[in-house]
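Given as structure tokens, the chain that follows is alone and in the form predicted on its own.
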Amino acid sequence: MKIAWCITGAGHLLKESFEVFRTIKKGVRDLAHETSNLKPKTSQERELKITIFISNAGVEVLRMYGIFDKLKEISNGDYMEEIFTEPEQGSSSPKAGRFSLKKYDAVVVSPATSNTVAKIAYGIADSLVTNVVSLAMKACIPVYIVPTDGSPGKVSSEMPYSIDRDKCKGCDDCEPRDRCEKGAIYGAPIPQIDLLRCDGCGLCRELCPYDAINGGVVEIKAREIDIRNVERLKKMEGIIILERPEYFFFFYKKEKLC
């Protein structure tokens, strides 16, 4: 089984998506370990391969949430288990050509931003992720999409680290700022966090004695146009819409993708 996991620039459902693929990979490794003495040549660990494709915005958001370096737990860099980023792939996205050769059994876009959903819905393929989806559809490879803005009503979304200006005391000797290895905390008297430098390590949160640094949760509401675009995707051949990343487990097991 060879899966392509595509990540776009959404924080909402990002950690949940990561946990789904880490769980799948861990489950296969555990099973392979248990059966290694019995069937070493046919272990699922050798059969399951996960390649990760990341958009420009996805690279930034993965770092903000402290997940980027953890992706190696899922894709170790071997053939068909690489991590491809849009900055490295350039405009032509050469590795997306694997889908024309039908080297993958499934594509999962999770989470999928409203921007990515809109592009796919109207046949635009001008980025790494949308190129992957376009070529996968042409090759009749099933594409599972988890949109962040697919349903009416409000949802709660976890945010990256920020400084609570009501709790911050504006200390002259700010340990979180002084000890941040990425130089992501700046300004005075009340500092700010540069999320493009932050890697989500959480050290600043541990160092602040006033609990002024936290991730926080916000409520977001999908636009009507976003909901319409998701409905458009549902009618497209070869695309399966999932409300949650965890629902991919059903297809992974029930549809015998493994």
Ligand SMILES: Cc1cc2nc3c(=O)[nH]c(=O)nc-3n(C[C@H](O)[C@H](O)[C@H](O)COP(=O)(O)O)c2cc1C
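In this text, all values refer to a predicted model and were calculated from it rather than measured experimentally. Numbers for residues come from their place in the sequence shown, where the first is 1.
Separately, the form predicted together with the ligand exists; it is not shown, and the next lines address it.
- You can rule out all but one of 97-105, 181-189, 68-76, 112-120: in the predicted bound form, only 112-120 has residues with a heavy atom within 4.5 Å of the ligand.
- The ligand in the predicted bound form comes within 4.5 Å of a heavy atom belonging to T148.
- Using a 4.5 Å cutoff between non-hydrogen atoms, H12 counts as a contact of the ligand in the predicted bound form.
- Among heavy atoms of N229, none comes within 4.5 Å of the ligand in the predicted bound form.
- Contact check for P142: no non-hydrogen atom falls within 4.5 Å of the ligand in the predicted bound form.
- Listed residues C204, A212, M64, I50 were compared with the ligand in the predicted bound form; M64 is the one with a heavy atom within 4.5 Å.
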